[in-house]
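Shown next as structure tokens: one chain only, the form predicted alone.
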Amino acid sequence: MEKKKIVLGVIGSDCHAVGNKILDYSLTDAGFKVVNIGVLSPQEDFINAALETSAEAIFVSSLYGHGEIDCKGLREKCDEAGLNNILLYVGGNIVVGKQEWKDVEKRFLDMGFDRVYPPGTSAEKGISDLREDLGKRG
């Protein structure tokens, strides 16, 4: 059986690489084929990598607090590129300052993300959710 492909990267002007490496290792160890586009990645790099590899999901990481700005319009750009069914996950320190998590999560869900994770979420949680979401697709 072919491994499911996941595009992983750190969006925008963010250069935090540790979480990216942990997710890469954890997803690979869990049996996924990870296409890691690294840090400082614009939306177009995520989309191009997903198109080139026929990825099932995009994992967006952000730690410097500007994820909300960097992620705006990503779902629409995915749809325009023909990635209508791709799963979009985002996590990390994705907003500036202390904000109510439920509000933050709702804003990202409203932007078209399938899953939104607060800082400190384990890689295992994302992997479990990914398996569940992929399982719904058959």
Partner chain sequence: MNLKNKRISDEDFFKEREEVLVGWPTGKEVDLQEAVDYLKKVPVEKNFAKVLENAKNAGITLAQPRAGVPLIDKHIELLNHLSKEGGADLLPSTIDAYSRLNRYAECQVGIDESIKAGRAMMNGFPAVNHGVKGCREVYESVDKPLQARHGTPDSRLLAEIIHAGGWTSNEGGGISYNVPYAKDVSIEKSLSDWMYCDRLVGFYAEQGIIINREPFGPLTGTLVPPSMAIVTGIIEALLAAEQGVKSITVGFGQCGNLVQDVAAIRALEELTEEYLKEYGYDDVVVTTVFHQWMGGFPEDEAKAFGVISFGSATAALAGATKVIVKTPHEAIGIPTKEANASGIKATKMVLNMLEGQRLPSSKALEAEIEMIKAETKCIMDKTFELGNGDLIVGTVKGFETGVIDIPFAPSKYNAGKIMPARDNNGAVRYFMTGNVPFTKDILDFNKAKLEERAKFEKREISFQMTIDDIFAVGKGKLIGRP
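Everything numeric here is computed off the predicted structure, so don't read it as measured data. Residue numbers count along the first chain shown, from 1.
Not pictured, yet referred to below: the form predicted together with its partner chain.
Chemist: Just one of Ala57, Val34, Leu83, Ile37 has a heavy atom within 4.5 angstroms of its partner chain in the model of the complex, so which one?
Modeler: Contact with its partner chain in the model of the complex is made by Ile37 alone.
Chemist: Sort through Leu109, Leu51, Ile69, Ala30 and report the residue having a heavy atom within 4.5 Å of its partner chain in the model of the complex.
Modeler: Of the listed residues, the single hit is Ile69.
Chemist: With the partner left out of view, is Gln43 within 4.5 angstroms of its partner chain in the model of the complex by any non-hydrogen atom?
Modeler: Taking the distances in the model of the complex, the answer for Gln43 is no, it never comes within 4.5 Å of its partner chain.
Chemist: Is there a heavy atom of Lys125 no more than 4.5 Å from a heavy atom of its partner chain in the model of the complex?
Modeler: Answer no; every heavy atom of Lys125 is more than 4.5 Å from its partner chain in the model of the complex.
Chemist: Check each residue of 101-129 against its partner chain in the model of the complex and list those with a heavy atom within 4.5 Å, in sequence order.
Modeler: The stretch 101-129, when checked against its partner chain in the model of the complex, contributes Arg107, Pro119, Gly120 at the 4.5 Å heavy-atom cut-off.
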